[in-house]
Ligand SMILES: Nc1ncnc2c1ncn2[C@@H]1O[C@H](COP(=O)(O)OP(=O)(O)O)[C@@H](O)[C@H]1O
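Next comes just one chain, in structure tokens: the form predicted on its own.
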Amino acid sequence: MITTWPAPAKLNLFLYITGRRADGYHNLQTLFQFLDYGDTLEITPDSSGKITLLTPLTGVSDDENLIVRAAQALKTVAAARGTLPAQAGASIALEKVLPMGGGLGGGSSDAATVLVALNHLWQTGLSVAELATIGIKLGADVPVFIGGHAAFAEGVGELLQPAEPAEKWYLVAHPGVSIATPDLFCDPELTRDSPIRTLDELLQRPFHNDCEAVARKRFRKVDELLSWLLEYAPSRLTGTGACVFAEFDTESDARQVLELAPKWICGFVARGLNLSPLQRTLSGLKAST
């Protein structure tokens, strides 16, 4: 039986870098919110004992693909616990709409959806916390997608607490470039000393992204796109980019600005959601069984 699962995008509504650790990673404070827009996965459980990706990405081997790695990691953990027979397998097809290197969490969201979906379809019985333990080894953002609720994140992104930011409408735009996260985090001009604040304090301040200045300096198209969007609404970089977003109170306001976008801008309008579409799908499936 083919099942269809959403892998939603996320936005970093703010992102502050509070320090650099001895291991080279950075401590941060960020606020994640989901969008009602993203990739879609069709997952068919079977008894082949194999994970088959029907839609491989050009230039990405199965060993490097987060979808395959997530499924294999879940298989390994569940098999070791005796909750999954060796013949358990699945075929997975991905409809990809989120850009790679865009800061929307596409790869992490795909991995999280695979973990949540196969945990349900294979009936492996792992908890959200156990899935998150698998997920953090695949990517720092994977646990927030597994948790399925808007969250304030600290540490390197692994310390999560639920949050309830306003669910605004967003125009999300891609400048046509891809940004590798290490490029920004290695930049000597990156802000690394933002003060540590509570979530309540941060929610009372204008939102900001500490990576934005470096992204604008390194990538002219990001600078041009933000300069254009800021004429219409509060706008910021998401994550380490390259996508930027402008926030609006209504869908119609967002769409009116999108219609004015220069031809080189690729964008979409989406609603911010504090409950992930993935969790809505899982709850619906559980209720129908």
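Start at 1 and count along the sequence shown; that's the residue number. Quick caveat, the model's predicted, so the values are computed rather than measured.
What comes next is about the form predicted together with the ligand, which is not displayed.
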Among Leu66, Gly101 and Leu104, does every residue place a heavy atom within 4.5 Å of the ligand in the predicted complex? yes
Work out which of Thr181, Ser91, Thr83, Thr76 lies within 4.5 Å of the ligand in the predicted complex, going by heavy atoms. Thr181
Based on heavy atom distances of at most 4.5 Å to the ligand in the predicted complex, which listed stretch, 216 to 224, 260 to 268, 244 to 252, 57 to 65, is the contact stretch? 57 to 65
If you check in the predicted complex, is Arg197 within 4.5 Å of the ligand, heavy atoms only? no
Although the ligand is absent from this view, report whether Ser108 comes within 4.5 Å of it in the predicted complex, heavy atoms only. yes
Should Lys96 be classed as touching the ligand in the predicted complex when contacts are defined as heavy atoms within 4.5 Å? yes
